[in-house]
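Consider the single chain below, provided in structure tokens and representing the form predicted on its own.
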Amino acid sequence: MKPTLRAVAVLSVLSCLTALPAAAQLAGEPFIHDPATITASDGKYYTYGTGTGSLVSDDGWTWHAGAERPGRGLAPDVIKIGDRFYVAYAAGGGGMNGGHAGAIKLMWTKSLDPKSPEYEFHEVGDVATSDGVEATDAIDPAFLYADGRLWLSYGTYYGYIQLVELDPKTGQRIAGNQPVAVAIDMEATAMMYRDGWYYLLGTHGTCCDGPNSSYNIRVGRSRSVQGPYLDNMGIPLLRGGGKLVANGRGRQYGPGHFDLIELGDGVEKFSMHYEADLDRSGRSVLAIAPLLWKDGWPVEGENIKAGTFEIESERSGFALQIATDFVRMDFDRRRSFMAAPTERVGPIPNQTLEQDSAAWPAGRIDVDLGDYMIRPHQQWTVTPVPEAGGVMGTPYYKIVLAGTDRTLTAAANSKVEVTPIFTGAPEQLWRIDQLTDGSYRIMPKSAPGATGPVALMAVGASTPALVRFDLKSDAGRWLFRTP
């Protein structure tokens, strides 16, 4: 399975970008409920939501209201198979109008761009229904395409989560296929396939009440697409089990409607909505977060927050630093091992920026790697850059030596250096993506002379360079550690 990929924000939001988790602070107007899988079409990203809600983005960071989706309805999902985009949505159900009778409807188009000549929705018809009496509710559809077979999960807290098989060539329900119950006590499901395991994710908790909502995303897995699905403690999802994937944090909470975003080279993310973003009037908003894998289980990662860090190479354990002469701290080395045990002890202050920088060159300075010794030339302040745009769920960042304007900059000949000031040039804007193992990949928006995407790589134990990222190597994996 390989799912597809989700004006400036109000000034009050932009002003707090440096203090809030970047994952929840998409720019523009990311207002939506029940977002579908983020899908690329004609050079843009699209997601549909309940009712007439839809969003479109050029880069996955800044989102605006999109075209109205035909059919309206509830909680749609989208998947591309071949040259078709299938769109499933619920008509009725979910307790709307006091009942649980509903239908999952399906249609297809060859483009999601309303300006495209191939933008035309074709109705397939109902692929699942509920009569309001049986213990299920035809709402919240989600696709899974794996090993050439197309599946659709659906359901809510009213009874069972059900699974049916569809024909990937037509989108129609395979004749004679009967729904299989795979979980209870959840809604807004999604499915993934990875390393021989099928994963069923669903939302627990309460929704639709803004800051009083308790939505959270949980998961179980099975070797068979039809179950049984168990969580990490062996509790079946048919008995209410589920390992936590994502919960609320900070001032954004009530995460629901998980959908996978695979970006390649070890970068996976997922979209969701927060029931309440307290920095945006408690409204339901689109959010995108890194997805990590730990012991075979998916778990929410974390985008880099504004702060000061040691940037450590996972290859060597050395720290990113400017290439400058080492400045010793004044210290009698004999005191380390010859002082009397009863001699009074006290803290030694860190080396100051003034002490370390006295001999720094005034212009450009090369960057290298070295043993981390808590020195100012090894301390980097990372900050999102308002209005500079971003990429799928993350803003572009500037990286400067702490306490200075000296800026990490991509240079010619695959080199990286520090320049005296931040100008906002593309070679000073950095993309920082968390990889599935929890480390980070660092890429410049642009690098002089580069013919394709490049990343910061430790070429040798002490030489950083901007070359093509290699997922199989630790050379391009970095850790951001608090000094």
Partner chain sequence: MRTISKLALTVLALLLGGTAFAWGAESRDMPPLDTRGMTPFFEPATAGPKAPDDQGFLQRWLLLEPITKPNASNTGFTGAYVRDALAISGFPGGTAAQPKAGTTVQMGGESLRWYALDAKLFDVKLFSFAQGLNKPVYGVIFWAETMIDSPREIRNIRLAVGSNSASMWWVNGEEAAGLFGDRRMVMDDVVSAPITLHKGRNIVRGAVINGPGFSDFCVRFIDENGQPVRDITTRLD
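Positions refer to the first chain, counted from 1. All of these numbers come straight from a predicted model, not from anything done at the bench.
Below, we refer to the form predicted in complex with the partner chain, which is not included among the displayed structures.
Heavy atoms within 4.5 Å of the partner chain in the model of the complex are found in exactly one of 229-237, 296-304, 399-407, 71-79, that being 229-237. Only one of Gln351, Ser111, Thr206, Asn247 lies close to the partner chain in the model of the complex, with a heavy atom inside 4.5 Å, and it is Thr206.
This chain appears without its partner; in the model of the complex, the one residue of Asp366, Glu314, Asp265, Glu134 with a heavy atom within 4.5 Å of the partner chain is Glu134.
Under a 4.5 angstroms non-hydrogen atom cutoff, the partner chain in the model of the complex has Tyr160 among its neighbouring residues. Taking the partner from the other structure, the partner chain in the model of the complex has a heavy atom within 4.5 Å of a heavy atom of Ser214. Under a 4.5 angstroms non-hydrogen atom cutoff, the partner chain in the model of the complex lacks Arg375 among its neighbouring residues.
Taking non-hydrogen atoms only, Pro179 approaches the partner chain to within 4.5 angstroms in the model of the complex.
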